[in-house]
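We've got the same protein chain twice here, in two forms, each standing alone as structure tokens: structure 1 and structure 2.
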Structure 1
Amino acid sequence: MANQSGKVHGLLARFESPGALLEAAKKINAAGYKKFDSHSPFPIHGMDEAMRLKRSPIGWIAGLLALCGGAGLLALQWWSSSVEYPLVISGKPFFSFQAYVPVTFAGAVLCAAFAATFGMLMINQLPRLHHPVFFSDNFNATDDGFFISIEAGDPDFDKDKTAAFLKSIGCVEVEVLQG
């Protein structure tokens, strides 16, 4: 059993199967809860739609930074070979863009990779060294558990009413997360 002293952080409900977890997420969302999360040892198809999660902006962030990085490197190569140190080599023009494509492409990929990594960390608010579900002694979502946690910060959260609602939608057990 979890530590029973301290502030209530939310509720943790365990479900028997991935299908039960998916249906519970739909019902919780339909009931108006906004600050809840599902925990499963593997991805469950349809969970994003059940929780009404928005599409991640990581693709746009990575694409924008890739374009900016590639354009910046192309501009740097143009400036250094055409403006700062113009040199005619084998009769080629100062700005022979074909020679700059590999560096531009590699720089764009590098900028996209960094943007995706650091953007994901910022959006997911990582590194987060502790989460209220870690107060639970029964949380085993990495083995065979299917859980939904509802945070106490949700506007519709009421410890007793929310626990009764979770039991009514088919959870096996409800645990109060305190710490």
Structure 2
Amino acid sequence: MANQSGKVHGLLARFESPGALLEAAKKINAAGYKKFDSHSPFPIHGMDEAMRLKRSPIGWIAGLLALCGGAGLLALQWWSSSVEYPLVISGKPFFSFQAYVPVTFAGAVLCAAFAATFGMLMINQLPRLHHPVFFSDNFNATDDGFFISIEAGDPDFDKDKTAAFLKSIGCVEVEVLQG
């Protein structure tokens, strides 16, 4: 354990199984907590619904950026081959949209992929060097642990009451995240 006297960041509760974690998430939701997260070694079906997570906006971000990227590359091709340096290629008109489709399409796909990747990182507030849950030495959520963390920033958060509540819904152990 690192600094025991530091600020309280939240509570970390360990559960026995994925099923227990799912049930706990539902109960924590019902109790009115908003700022909590679950940690498990693998995705658990139904967890999004149990935590009442909203649908990710990533599809809209990727779609919008794809449209922008496609439009931008189409404009670049139009400008370079019909305005800035008009050149007759095999007798076709300066603005031959057919010839621009592959680049426009590939550009839209590229922009969508970048938007999805970096948008995902942004929404998840990544990259970051530290997170309060790493204060715990028992945080083995990448191995065999199933955890729920409740942040101290939640309006309903009270170190002792919340800890008692977590115990009452069947967690194996509760740890205070400090430092």
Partner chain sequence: MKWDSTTYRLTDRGRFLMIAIVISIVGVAASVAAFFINREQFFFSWLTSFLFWFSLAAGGLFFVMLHHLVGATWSVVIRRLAEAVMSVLPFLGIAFIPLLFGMHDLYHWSHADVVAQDELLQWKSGYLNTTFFVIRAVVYFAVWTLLTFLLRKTSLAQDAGHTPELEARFRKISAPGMVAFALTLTLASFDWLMSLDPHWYSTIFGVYVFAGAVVAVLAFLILAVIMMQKRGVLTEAVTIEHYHDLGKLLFAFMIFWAYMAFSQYFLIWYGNIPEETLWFLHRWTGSWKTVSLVLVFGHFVIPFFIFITRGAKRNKSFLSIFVIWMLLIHWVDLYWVVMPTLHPHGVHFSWIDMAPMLAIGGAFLARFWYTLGAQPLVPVGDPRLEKSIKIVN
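Between two forms, the rigid core is defined as the largest C-alpha subset superposing within 1.5 Å. All of these numbers come straight from a predicted model, not from anything done at the bench. When a residue number appears, read it as a position in the sequence of structure 1, where counting begins at 1.
Shown as structure 1 is the form predicted on its own, with the alternative form given as structure 2. Once the cores line up, the CA of P102 ends up less than 2 angstroms apart between the two structures. Core-based alignment between the two structures gives a C-alpha movement of 2.5 Å at S81.
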